[in-house]
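Here we start with a single chain on its own, the form predicted on its own, put down as structure tokens.
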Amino acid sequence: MRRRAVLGYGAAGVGAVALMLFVGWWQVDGPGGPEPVGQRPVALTEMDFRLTDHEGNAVGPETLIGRPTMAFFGFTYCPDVCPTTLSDISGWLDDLGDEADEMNVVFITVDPERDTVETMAEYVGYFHPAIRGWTGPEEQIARVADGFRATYERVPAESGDYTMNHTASVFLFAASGRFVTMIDYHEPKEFAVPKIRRALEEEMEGAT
């Protein structure tokens, strides 16, 4: 009897610790956490850049105003983070169903030297049809990354080629252009989809 009580208290203690760790993650690194001071993206209405989508159309921040936006930075030669995240985004869009049609979804390259319009068109074709690929001159990529507070850098490889390090989070903006929140790399779908719905709800509230 005494052994059962000890085991019961032990299990309760482990459960309490697990709950505390989960709450801590939620408030610091998870969906309930604040954006780092000084790193919050500016509103789309305050950005100024000119890029080209994978169909050859000129695009800029004004292209995104009027509908909620989900944006991700990466490059087509990315070995794991980019295809994984774009696959995750495709799954989230499938879960949203018809609501996905109400969103802008853009994949912005940080490697314009290799990611031409044609390359981007082929690459995004492997994922959800709502995803648009954006590329452009290096100075314009730098401007959009600065507005999003995204970072990237070119890293030499032993082969003599190079790869890119970059922000791996997904950015969410309301239809008004206001920044809503970010979805972290590998964040569970159970947290990611509600965040997207929050951006969609802000659109509906603004229309009423």
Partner chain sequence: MKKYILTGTLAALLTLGGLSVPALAGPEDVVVENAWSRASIGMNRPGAAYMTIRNTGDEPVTLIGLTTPLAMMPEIHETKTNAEGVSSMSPAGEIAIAPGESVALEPGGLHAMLMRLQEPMTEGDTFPLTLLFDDGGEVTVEVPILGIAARGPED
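Model, not experiment: these values are computed from the prediction. Residue numbers count along the first chain shown, from 1.
From this point on, the text means the form predicted together with its partner chain, which you will not see here.
Q: Determine which one of 161-169, 136-144, 57-65, 43-51 lies within 4.5 Å of its partner chain in the predicted complex, judging by heavy atom distances; exactly one does.
A: Going by heavy atoms within 4.5 Å, the stretch is 161-169.
Q: Would you confirm whether the three residues Ala174, Ser176 and Thr181 all fall within 4.5 Å of its partner chain in the predicted complex, going by non-hydrogen atoms?
A: Answer is no for this spot.
Q: May I ask you to state whether Pro79 is within 4.5 Å of its partner chain in the predicted complex, using heavy atom distances?
A: Flag for Pro79 set to yes.
Q: Consider Glu99 of the chain shown here, and say whether it contacts its partner chain in the predicted complex, taking contact as heavy atoms within 4.5 Å.
A: Contact check for Glu99: no, nothing within 4.5 Å of its partner chain in the predicted complex.
Q.
If we define contact as a non-hydrogen atom of the residue within 4.5 angstroms of the partner, is Asn104 a contact of its partner chain in the predicted complex?
A. The answer is no: Asn104 has no heavy atom within 4.5 Å of its partner chain.
Q | Partner proximity in the predicted complex: Phe72 to its partner chain, non-hydrogen atom cutoff 4.5 Å | A | Residue-level check for Phe72: no, no contact with its partner chain.
Q) Who in 105-144 is close to its partner chain in the predicted complex, meaning a heavy atom within 4.5 Å? A) Thr119, Glu122, Tyr123, Tyr126, Phe127, in sequence order.
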